[in-house]
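Consider the single chain below, provided in structure tokens and representing the form predicted alone.
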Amino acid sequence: MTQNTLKAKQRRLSPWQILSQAIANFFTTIFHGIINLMDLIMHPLQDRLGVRGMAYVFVLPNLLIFGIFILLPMLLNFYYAFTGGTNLFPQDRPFVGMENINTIFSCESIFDHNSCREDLFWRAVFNTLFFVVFQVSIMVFMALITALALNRQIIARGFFRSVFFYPVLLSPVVVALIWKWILQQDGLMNAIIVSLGGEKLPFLINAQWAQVWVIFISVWAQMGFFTLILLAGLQAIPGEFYEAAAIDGATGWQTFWGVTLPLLMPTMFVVLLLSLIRAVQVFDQVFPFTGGGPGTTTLYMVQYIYSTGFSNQTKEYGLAAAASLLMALCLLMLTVLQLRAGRSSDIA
């Protein structure tokens, strides 16, 4: 192609096309420069370490991030659990052995919070147990019902699937602030009730109402994730089983109890354990919503650890670390159960 032909072609291009080409050429040049620079570094390294050794080079950044931001804080937390005092730096903290653990378990009866030396810990434990039992039960039940409905041939099925999954995409803090705006004393819900001739309800200042709404919001925000897992499990069930059940004259309930539920049980068990682990760690949705109140009604384990170690006037890092170790032990047990459930479902 001659120079005159190139100039004629450029004259036919619009200014925006010329600008986009220039930008593309600029970034292409930068990209090739980076690749050439990386080759100058990586080529000698590969000659020295070999092809297999290069795998460790590429894994090294992830290992560094894991070590600095996960492994090191875990080790520090373990160390803090066996030290005392209010000083932050490890070298200023005296070793106290099992004193923090003994403080937590210093109770005449763990079922009587007032008899415990660290009564807030046990309030948080029982509040968490209450939350886990009801939230997980409702969550799994509603996710199963929703997955069964979305697995049927219904109008706009893709739209409804996206609608149920949408709350999962929202930040937990955003969810909490939206619902707090709706349910506060002068919020949207009470405005609607007053406009219909009713009286304002104490959604966030009454203990029973606060517990109900915390569970409701948690289910609303997380249900879509578990619905998606159960929906995948339902779609993995071979259609031949349903055809055989129909030939045998089984009703809808008989097909559900005899075919769907038994084949869905491995997925159900995974969903149950995942929801248990998430429920035990509840914090980000509740803290902006109720702040643990009214009183200590919605004070859960993670918030107790956060308050004890960071937000209280007297910062008891050792006590918070000991409480987090006990919580980690609980989560470890649930994780082991999840891994075993996964192996069982793979074998099945």
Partner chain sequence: MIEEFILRTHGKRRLDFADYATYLYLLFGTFLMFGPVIWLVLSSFKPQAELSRFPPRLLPYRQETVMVEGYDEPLPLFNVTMPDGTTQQLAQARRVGIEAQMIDPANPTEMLPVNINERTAVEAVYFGLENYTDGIARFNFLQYFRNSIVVTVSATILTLLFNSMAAFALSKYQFRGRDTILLLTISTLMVPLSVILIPVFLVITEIGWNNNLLGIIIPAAATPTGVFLLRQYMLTIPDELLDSARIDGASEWRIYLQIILPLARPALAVLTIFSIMWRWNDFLWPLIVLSRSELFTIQVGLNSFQGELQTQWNLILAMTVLTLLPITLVFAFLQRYITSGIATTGMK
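Just so we're on the same page, rigid core means the largest C-alpha set that superposes within 1.5 Å between forms. Residue numbers count along the first chain shown, from 1. A quick note: this is a predicted structure, and the numbers were derived from the prediction, not measured.
Below: the form predicted in complex with the partner chain, not depicted.
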One stretch from 177-185, 240-248, 256-264, 118-126 that, in the predicted complex, holds residues within 4.5 Å of the partner chain by heavy atom:
177-185
Would you check, heavy atoms only and a 4.5 Å threshold, whether R278 touches the partner chain in the predicted complex?
yes
Interface membership of P90, the partner chain in the predicted complex, 4.5 Å heavy atom rule:
yes
Just to confirm, F131 within 4.5 Å of the partner chain in the predicted complex by heavy atoms?
no
Taking heavy atoms only, is P167 within 4.5 angstroms of the partner chain in the predicted complex?
yes
To verify the annotation, which of these, L76, I101, M268, C107, has a non-hydrogen atom within 4.5 Å of the partner chain in the predicted complex?
L76
Pull the contact list for 27-64: residues with a heavy atom within 4.5 Å of the partner chain in the predicted complex, in sequence order.
F27, I30, F31, H32, I34, I35, N36, M38, D39, M42, H43, Q46, V51, R52, M54, A55, Y56, V57, F58, V59, P61, N62, L63
Superposing on the rigid core, I want to see if Q185 changes position between the shown form and the other one - specifically a Cα shift of 2 Å or more.
yes
Rigid core superposition, E243 Cα moves 2 angstroms or more between the shown form and the other one
no
Superpose on the rigid core, then tell me if the C-alpha of V194 is displaced by 2 angstroms or more between the shown form and the other one.
yes
